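Only one chain is shown below, in structure tokens, and it's the form predicted on its own.
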């Protein structure tokens, strides 16, 4: 790359530091002395991607290998992309500024459906043929991982292979196979065949999909000998023994989560019926307090950060949380290091714990009742009550908080107007908790934010069979809430239902959607998750021109026997368990935390890992 051209461009774009690299703790290697070059690609801007824990783990893990150099690449913002195309500057990695088209792998992490056009845009900007059948022997292998990879079918045309599950072990196995293949000088197809033999690796081209006359999937079968009909996700069994970085890159600019992220455990046992993460990351595996203290010591020392986030799907469920927090506070309070719990449950909000944590700094507080009435919270198996919320709010106000955010979903299965009214009633009751707090203890002002998102049915959840509400229905519900939430000190914000509609289309989509993604990108769609760049009308034109009905994917009820585009993927939890949970939801029946009792979800088939 002509770095003088890059220097010239950087003077003309917003936030040039996004593209400069050279941050503290960035890994530097001589590319000529490694066998494998891996571009870890995040299909969004730098400040979003640099907040992603998976990238931090796998970046440092791969760079521990002497034969591999892992570098980072992010989606350039539109002003940078325009300049790069004008100057014919290909997409490059931050570490060496080398074009990623010359790498061995370009590995995308897929966190969100609305980043899919960015994947296509980044491949195009890199000069890498977009679809797998257009690539030749010298092109990099384009691979994917992350939660959206569990239904990769809408992107099946664009990826050579996909990794299912925890990446810490499988990535090394994949690189070992690649190393052997590259040293032997085999064909591209030979490597893919060898890679497909690694548990947890899925090569979409090795499977044929047939459809029924009504458009539903008829079958998904391997199209050659030696390919498994089912791909089972990979699970790291012991997090204490699993790799975790002892240092992290410290960006020169503000990023979304600019702090140390210390993963305390993986998985969740609560069983919220809308939550895909709660299913695909099972079983629960915890790191021990001594291991977490060891990691915290090294990460704080090696980065200089003064804030550490205890990360997981539900951190207050960590079995030794009180012990961990006390030890962290005892060790690091004198250094003014603060600690945050980003995912607190209402039923485990401990005043003593919070008092301990706010000794250094008080962070924002978000609670997620998810639904406005107990009936609907039971339908989704949230497992919290109105009293849980009010007790937590009361304690928060007594501890001096003046800002509380409450997160809800609308469009949940069986939802009624009474459930929507319940959201406004809860807002009023939380407000009253503020005034009930002792004068002198509570803050001088109050702000309650009610944030509402539209429910998106996801694969591998008990609600994978349900139809999403139409955009018209969701807008009507939002208008209803706007009226009901005209309450002093209460703010109301909501997620665009049109965006949620597209999320639902691609979350449960099949391979036929690949041509829609390509058409939408050709028509200018990218950064679809960013409101200022979202082009809903263009998306509708893309569906129309490709002859695809998006409502078929988003607004249709599935029957029990339907073959899903992801039916050949095994995440451990069985479809029969998910169906039972769906039926219990319709009756409003709860399934308690499976740490109390095993409910037979099927995850023990992966080796009896439940704790």
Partner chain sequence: MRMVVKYAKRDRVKYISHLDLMRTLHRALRRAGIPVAFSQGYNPQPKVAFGPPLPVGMTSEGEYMDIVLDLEMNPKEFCHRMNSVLPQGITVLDAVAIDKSFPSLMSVIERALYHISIKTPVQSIEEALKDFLSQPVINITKSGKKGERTVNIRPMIHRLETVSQGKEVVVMEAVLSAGSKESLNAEQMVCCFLEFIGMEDDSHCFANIHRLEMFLYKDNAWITPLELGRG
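Residue numbers count along the first chain shown, from 1. Note that the structure is a prediction, hence the values are computed from the model and not measured.
The same protein has a further form, the form predicted in complex with its partner chain, not shown here; the description that follows concerns it.
Not one of 51, 54 and 197 places a heavy atom within 4.5 Å of its partner chain in the model of the complex. Contact annotation for residue 602: none of its heavy atoms lies within 4.5 Å of its partner chain in the model of the complex. Using a 4.5 angstroms threshold between heavy atoms, residue 303 counts as touching its partner chain in the model of the complex. When its partner chain is considered in the model of the complex, residue 147 lies well away from it, no heavy atom lying within 4.5 Å.
When contacts are judged by a 4.5 Å heavy atom cut-off, residue 17 counts as touching its partner chain in the model of the complex. The single contact residue among 294, 258, 476, 436, judged by any heavy atom lying within 4.5 Å of its partner chain in the model of the complex, is 258.
Between its partner chain and the residues 335, 489, 180, 223, the one pair within 4.5 Å by heavy atoms in the model of the complex involves 335. Residues of just one listed stretch (73-81, 480-488, 448-456, 247-255) have heavy atoms within 4.5 Å of its partner chain in the model of the complex: 247-255. Contacts between 393-423 and its partner chain, taken as any heavy atom within 4.5 Å in the model of the complex, involve only 399.
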